[in-house]
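The form predicted alone is given below as one chain in structure tokens.
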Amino acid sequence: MPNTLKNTSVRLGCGAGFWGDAFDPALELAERGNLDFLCFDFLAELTMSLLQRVRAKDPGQGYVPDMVNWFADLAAPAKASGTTLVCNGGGVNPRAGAEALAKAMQVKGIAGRKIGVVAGDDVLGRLQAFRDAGMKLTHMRTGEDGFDRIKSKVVSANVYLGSDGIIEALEGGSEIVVTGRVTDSALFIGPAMHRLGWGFDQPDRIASAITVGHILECAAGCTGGMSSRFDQMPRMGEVGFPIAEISGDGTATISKLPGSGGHVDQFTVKEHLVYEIGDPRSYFTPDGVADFTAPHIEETGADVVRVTGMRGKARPDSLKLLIGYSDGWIGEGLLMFPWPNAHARARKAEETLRERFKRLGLASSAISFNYIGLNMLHGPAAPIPASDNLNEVGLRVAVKTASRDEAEKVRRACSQLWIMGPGGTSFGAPMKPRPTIALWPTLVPRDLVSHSVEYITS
């Protein structure tokens, strides 16, 4: 990509922070945001494994269904405002997702839209080749080298790609870009690099895009959501999603639509800047390494924050590979107990369930009991009140097993407390056993992975 400035600035908005996010703030941005790009982050770490299971049942699936419905509805207002839509909603099957989107737009009478499809992250079929080449696929967090222990259980393997494919798709004239597993920030980095003409030989500029992308990627996360100052955030049910304007010199302003709910100030930006990071001086992405201690953050107006001084280093030689594998089953139950003696009733229910598990011969690797209203979130760190004068207490039990049949014993035991349990025991429909997926993060050399781009027209 040429290292010449194309535009003096680029205006980006975030349309989703996860699969299941609100649609109305994205529509407002498409209609009134005056954006160059509206970017959607639909994927979480576990999402890829879940989508791979869906694709295993139906080869035509594996993408995020919301992407198809949303983009079909956003296509017209985005076209009218000159806004390009970018997302990672292709999941483990970006081509199928793009084809489904093209059909949905055709149904709405929207024709001639060029969709860029970015793939190459799925390396499920190459894991044995990696092993044959001598790669240990060492677990990044635990240091374990025993990948062979789980290789027969693997259901997904996706490398976190950077912005290269998005840039290529935009250079190819795409009005919509659908990717598989790229980093969350790449959804913003690619459009910024494309529009501003930045190259990977400009680490501080790339660090600016990484920083802004990280601030924006969780949508309401920097406009009042998840804030420790939740009581100061107005009308969060009508929250506005964030907007960033990045200048060619790397400086940026963060804002939201006037009149929308929530708030943007230096602290909402700072809170999200440190969200889900390790070393703040070295935030690694496939596109570069950003120093999150470098930016200067200041409020320049109502709901407007200026971010300057970003610094970074060249992109790393390795890429993160996230492998998902089947890891048994979970059997669980949730029971509620009323005043008086709510806590005592819940303790009696735990005692009864433990007796039932023993009598049923339950084979498990872990059993967890938590009391809702007492220690559900803080666990053993939560103080237990001396007196039992609580209005109500909930009891949640979760049991990890090797098979569905064993997990089913948990459901049955919980159901049996309808009559075996203390007076006042209540709960809804028993929870069905569910399979669990564990994650094995590792690193692979960058030169072993490459992206691909193809185009589909609606």
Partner chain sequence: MTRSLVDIAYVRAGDKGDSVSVGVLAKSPEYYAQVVASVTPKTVAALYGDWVQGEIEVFPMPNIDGCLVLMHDALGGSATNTLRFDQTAKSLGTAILRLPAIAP
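Being a predicted model, the structure only gives us computed values, none of them experimental. Positions refer to the first chain, counted from 1.
Missing here is the form predicted together with the partner chain; even so, the following discussion is about that form.
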When the contact criterion is heavy atoms within 4.5 Å, does F292 count as touching the partner chain in the predicted bound form?
yes
Any of the heavy atoms of Q202 lying within 4.5 Å of the partner chain in the predicted bound form?
no
With the cut-off set at 4.5 Å between non-hydrogen atoms, does K153 touch the partner chain in the predicted bound form?
no
Report whether the minimum heavy atom distance between G221 and the partner chain in the predicted bound form is within 4.5 Å.
yes
What I'd like checked is whether E45, K270 and I297 together line the partner chain in the predicted bound form, meaning each has a non-hydrogen atom within 4.5 Å of it.
yes
Considering the partner chain in the predicted bound form, find the one stretch among 375 to 383, 75 to 83, 114 to 122, 94 to 102 with heavy atoms no farther than 4.5 Å from it.
375 to 383
Students should find that, of E168, D327, D303, E175, the residue having a non-hydrogen atom no more than 4.5 angstroms from the partner chain in the predicted bound form is D327
Quick one: of I110, I367, A314, M236, which gets a non-hydrogen atom within 4.5 angstroms of the partner chain in the predicted bound form?
I367
Taking the partner chain in the predicted bound form and a 4.5 Å non-hydrogen atom cutoff, the residues of 424 to 458 making contact are R434, T436, I437, A438, L439
